[in-house]
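Have a look below at one chain only, the form predicted alone, in structure tokens format.
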Amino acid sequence: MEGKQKENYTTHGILSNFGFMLREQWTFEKKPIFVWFLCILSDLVVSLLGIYFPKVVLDSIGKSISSSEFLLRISSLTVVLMIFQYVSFFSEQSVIIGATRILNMRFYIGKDWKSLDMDYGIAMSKEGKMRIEKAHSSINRNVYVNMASYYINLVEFLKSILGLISFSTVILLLNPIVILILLVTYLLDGIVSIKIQQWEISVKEERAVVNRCLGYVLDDISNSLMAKDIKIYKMMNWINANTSKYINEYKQLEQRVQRKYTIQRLIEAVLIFVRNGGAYLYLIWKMFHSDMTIGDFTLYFGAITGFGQWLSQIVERISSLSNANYRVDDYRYLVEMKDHMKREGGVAIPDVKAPCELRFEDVSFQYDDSEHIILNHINLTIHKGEKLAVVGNNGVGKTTLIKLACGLLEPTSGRILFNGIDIRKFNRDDYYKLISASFQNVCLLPMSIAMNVGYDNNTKIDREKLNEAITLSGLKEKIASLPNGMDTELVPSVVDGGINLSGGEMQKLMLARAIYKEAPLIILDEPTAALDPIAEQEMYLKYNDLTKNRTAIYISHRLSSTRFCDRIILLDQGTIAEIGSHEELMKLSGKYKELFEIQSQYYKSDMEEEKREKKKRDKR
């Protein structure tokens, strides 16, 4: 689109991500940060006592101290060790619990909220979908490996650094050369680990594509709404074949990753033999050629072993932090993604109680990742209070037209004016206040019918206006039959005692929602698709009341509905092929008349059949 540039996909950087994660934790909950330090301190004390305890025991035995003094030393150290082990265990669990809390209560919600709140055009683009998938992957595994593992690995990394420093101090008393040998071998191990980690990150694009395909066949296609088609049209063979295909692709990708880690483990085994074997041989030699006590030997032996363990943990945590760092990147690339539409400021919106004029000036649209032009140089003025019908075959751009009118998409070229003002000058969220819409896809929330129709964060539900909207939508009779009326809860899978509505009833509910909002522009996208012919006819008879004091855009495949509108446009191949009233287009004897006459044959027979069935039911 015009004026839009692709962003660079470089990493935010380790320090930037460190600051981001620290701010997120501090903003969400401060207590875990203090627990981190407690965990580090207690673990460090436990480790030092672990190598010091045997020295005290052996030296005490070697010096033949009294039993009472021996017991006092051992019991004192045991009590201190038990206290710090207790603190270490519970603080470590608290670190994990804290990471889980921020993952579930901030990062998950942050990802979902951004996916819903970002510009619709961005969310529907190839780039947007990929970013959402990557952000989802960054939080979609357990807390030990997803982006929240950053906190766990950071605590363990800092603990390992302090442990290494502490144990290095002990080994320095033995011989600095021992530290040098250990450091060189672990440095080599670390380089190998980081190289393999970087390679794994390099295939994350490939992994995201495979996960998205696998997610579709395993999750999306398992939707209960698809079960009917799958059974009737015997789609299971296709599903099974593609599931196997994507699972094999995923398996092959993971095998490539595991082969790299197998090589790393082999190299690591050789390095362990070199560094530990050399250090232990030197320690044994020192034991026989100096005045080193058995207690000292045990202390140094434990320090060398512990030094290696700390170094190993540092390498492991660097690798894990690197992985977590890239996952933080993926999350931030989504949540920090800038919207193209105006989100701050903007010109004042017009009176929401008055009808509006909407004008398309040379508007064209195509998606960034497609060469297909959906709408091509559309020029159209919808006058104040006018009822406009948009018709045409599938795929000609009807839904795209209303998405542009709603401000959900931006034109590739041209502009759209609302009461003479380019809609891009409005604050995006303020502009949405000017629009009521009933879309084909239904969004039901697990709360009452009244709340589903009249929910607003800032105001209480106006019951009088609610009753009027319910009556006009044709849902009054259904609601009257429910024990709790408009306070009946919906979505029984979430709410105990909730109910399900039929397809037609849900469509009426969405229509009631659009009526209740009382915006100056109302858009009805196939509002009768799930209604039977008689219910549809009843809605047409109330059409003027539904759109009273509003400018209306009506989209329908059923051309019989268009005669209730002031004007009709017929879209064909992305352009306005015909425009006029129903009578004018019928006189034109063009494509509109042809489609209308074909449809009317079936429509009339359907209505007559429905009337006969209704008479039979009434007689019973």
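Position 1 is the first residue in the sequence shown; the rest follow in order. Since we're looking at a predicted model, the values are computed, not measured.
Just so it is clear, the following notes concern the form predicted together with a small molecule, a form of the same protein that is not shown.
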Just to be sure I understand the contacts: of 163, 454, 98, 397, which is the one whose heavy atoms reach within 4.5 angstroms of the small molecule in the model of the complex?
397
Note which of 393, 413, 198, 502 lies within 4.5 Å of the small molecule in the model of the complex, where distance is taken over heavy atoms; exactly one does.
393
Which one of these stretches, 151-159, 327-335, 368-376, 510-518, sits within 4.5 Å of the small molecule in the model of the complex when only heavy atoms are counted?
368-376
